[in-house]
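In the form predicted on its own, a lone chain appears below as C-alpha cells.
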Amino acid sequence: MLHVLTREDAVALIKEKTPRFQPKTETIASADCLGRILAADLTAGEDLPAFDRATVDGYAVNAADTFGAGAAIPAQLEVIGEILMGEAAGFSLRRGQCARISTGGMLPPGADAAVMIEHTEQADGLCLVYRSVAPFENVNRRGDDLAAGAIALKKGTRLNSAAIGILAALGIDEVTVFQKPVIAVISTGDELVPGKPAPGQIRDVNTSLLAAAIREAGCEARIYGAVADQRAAIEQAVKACVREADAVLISGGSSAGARDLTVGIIDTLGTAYFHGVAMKPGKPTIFGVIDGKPVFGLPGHPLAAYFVFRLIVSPLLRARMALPPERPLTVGTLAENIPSNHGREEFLCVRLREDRSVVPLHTKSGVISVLSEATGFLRIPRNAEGLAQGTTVEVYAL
C-alpha cells in the first residue's frame, strides 16, 4: 500500500533528510571547464579591451578636426604615420593630424575617434575627410567590454563556449567550479537484457536514459548495469553504489507487487522515508537514505523514470551545485482541452507550434518515443479537472 506525498512535500523531505549532500568545489584548468558550474563570481582582473581601439579600417583622428566636414568641403588632415596591428603608436597626434589605422588597432594619444576609409581620400600627405565623426565614434573604449573589478561571470553559470571565450580574453587559466556529484544507476528486472531481446524480454532503456539525464544535469553517472529481481543481488548492487557514489538511482521494483523489492531493501540497509508521490507519471517513487546518502527508487517505465528524475531528483542535484530552481522555457496557449481527474499532479509532453499554441501529446504508459516528439512538458495541478483550450500554460524544456 502506497502512502503518497505531494511532490512539494517529497522534495522538501528529501532536502531535510540529506544535510550532508552539500556543495563541494574544486579548481580546474579553464581548458577543461566546458559544461561545469561556476562556484563563485568571477571578476575581471583587467580592463577589456585594455586600450582604446578602432573598430574600422581608416584613420585615427581627433573628432573635433572633422566637425563640419562634408562632400563639398572636406576636412584636410596631415597624415603623420600608420599604426600597425599589435603595436602601440610611437607618436601622438596634434590637432590637424591623423594616422592610418586598421580594425583593432590601438588609438594613439591625441586621437578619440576613427574615420572609415570609405569616407576619406589620401593625396600628397593629406587625408581628405568627407564625413564628420563624433568623439569615440568607431572606437571600442578601454573597459567598454568589461572594466577591471566588474563581475565577468556569475556564480552558478554553466560554462559554455561563450563563457570560455571570456576566460580566454581575461587570461584566466583556472576556475573554481562545483564538483560533479557522482550518481549511480542500477536497473532491476528479470526481463532486462543486453542485445536483441527474446519474446517477453526488453532492452535496458533506463540505464542509458538516466545516465544521459545525469550528465545533462552536470553530474557524473556511474553505471552499475541491470540486476535480476533477486533481493541478494539488488542489495549487493546498492551497497556497492552507496560506497562509490554520492547518490543512487534504482530503476524498477518500486511498485507494490510481490517482486517489487526496492523499498524493503532501502529500509533494510538504511531508512525509507516515503513510497509514493501524488504525480503522474511517477506515483510509486521511493526515497530513502543509506549511510547518509540519498537513494531513489524510480518506476521501471522509461517515461515515468525520466519525469521522476527531472521533478524529484533534479532539485536535489541543482541545490548541490547552487543552481536556481528550473524555470519555464516559454508560455503558450493550449490548443485543445486536456481532461485530468486523477487527484495527482500530472505532467504531459507537448509540442509548441510556431504560433505559440501548445499541443498535448497523449501517450500510453511505458511509451518513450513521445520524448523525441515533444518540445517540452506542462504541469496540470493535482486538484484541477484538466485544462481548457485557450488556457495560457507554462512549458518546461525536456
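One rule holds for the numbers: they count along the sequence shown, beginning at 1. These figures come from a predicted structure and were not determined experimentally.
If you look for the form predicted in complex with a small molecule, you will not find it shown, but the lines that follow are about it.
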| query | finding |
| --- | --- |
| Region of this chain that lies against the small molecule in the model of the complex, out of 272-280, 131-139, 186-194, 322-330 [heavy atom, 4.5 Å] | 186-194 |
| The small molecule contact in the model of the complex: residue 205, any heavy atom under 4.5 Å | yes |
| Proximity of residue 260 to the small molecule in the model of the complex, heavy atoms at 4.5 Å | yes |
| Residue 299, heavy atom within 4.5 angstroms of the small molecule in the model of the complex | yes |
| In the model of the complex, residue 252 touching the small molecule (heavy atom, 4.5 Å) | yes |
